[in-house]
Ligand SMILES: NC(=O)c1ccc[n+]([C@@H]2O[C@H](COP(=O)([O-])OP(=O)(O)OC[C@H]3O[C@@H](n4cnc5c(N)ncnc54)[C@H](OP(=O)(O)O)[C@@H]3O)[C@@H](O)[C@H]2O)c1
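The chain below stands alone, shown as structure tokens; this is the form predicted on its own.
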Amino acid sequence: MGYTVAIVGATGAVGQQMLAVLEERDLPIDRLVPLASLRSAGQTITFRGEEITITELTEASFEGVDVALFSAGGSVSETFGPVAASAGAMVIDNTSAFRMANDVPLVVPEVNGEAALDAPRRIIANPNCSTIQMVVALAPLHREARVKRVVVSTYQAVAGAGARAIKELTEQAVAWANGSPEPPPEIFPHPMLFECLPQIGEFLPDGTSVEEEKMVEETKKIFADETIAVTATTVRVPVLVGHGEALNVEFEGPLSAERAKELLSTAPGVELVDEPEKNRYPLARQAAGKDPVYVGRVRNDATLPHGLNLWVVADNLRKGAALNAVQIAEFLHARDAL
């Protein structure tokens, strides 16, 4: 017997990826309920050979729903997430609405899947995309030598800001190629073409951006360790899909680059691509459309007694969002917890 699965935000970039991931994988589904705003209601999507009409999201949308995957913005999740949970659905939310709530688990299945089993509100939060790929790469190393401190610099694709951001960068590129005037930016504060923008989210009073704060706090919650020190600089780059991250990690105990590669080569959800002498290292264009978190450029940091540098790349729409949410549902299904 299969589940009734709702996707809230079915027409968005992540919602579309959720549909694609569900199509590819084996979660048993009897009925799919694509939900969106009134503007998108009436459109159709095809899922497993069946044409399904998108319906408007209302408080009555969740009757009989077993799993509700949310990716339509924080305010939508705050309003309708509890409604779906009260109707009996297990809510897996891809926004920041519930991530830091004490009674909502923040889950990456390869790292802390068991946390999903303790969801008293029937709401489980998907971490931020940049956090997900970082903790997947760190988890096997943390188990071996315990992470003490992480300095992370991100190189984040425009897809992290949604489908309209992809369109904006594409239009800027087309205009440049045609010698036409550059269209003014609407999604970002500056044009993204040929630019690196050291701002993702609003700035807080201390100068940290919201995205940077997410990486700090979410990492501690996922690892259930408030003593881990994390400092982040998050940067938007003119890449369509696929976030890159440079990690400098200090461990409590010794961990050589060779041992780290051994651990990463067998870690769930990780693919080691580390042959710099052959120009092989993780690239965004290779990660796009793929499930793994790719790790390479693993090397010792000669300035620290127990330090490593790593380069980490993943498709932010898949493992950074849609895939992780579906994997949470699969984990719960395997434990008869849906």
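This is a predicted model, so every value here is computed, not measured. From 1 onward, residues are counted along the sequence shown.
Absent from the display: the form predicted together with the named molecule. The rest refers to it.
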Do all of M90, A115 and R335 end up near the named molecule in the predicted bound form, with near meaning a heavy atom within 4.5 Å? no
If contact means a heavy atom within 4.5 Å, which one of 257-265, 225-233, 107-115, 152-160 is the stretch that engages the named molecule in the predicted bound form? 152-160
If you check in the predicted bound form, is A321 within 4.5 Å of the named molecule, heavy atoms only? yes
Determine whether any heavy atom of G73 comes within 4.5 Å of a heavy atom of the named molecule in the predicted bound form, and answer yes or no. yes
Contact of T95 with the named molecule in the predicted bound form (heavy atom, 4.5 Å): yes
Contact flag, A10 vs the named molecule in the predicted bound form, heavy atom cut 4.5 Å: yes
Exactly one of V249, C129, V239, L141 has a non-hydrogen atom within 4.5 Å of the named molecule in the predicted bound form; which residue is it? C129
Going by heavy atom distances of 4.5 angstroms or less, which of L308, A287, L57, V312 would be at the interface with the named molecule in the predicted bound form? L57
Pick out the residues of 12-51 whose heavy atoms come within 4.5 Å of the named molecule in the predicted bound form. G12, A13, V14, G15, A36, S37, R39, S40
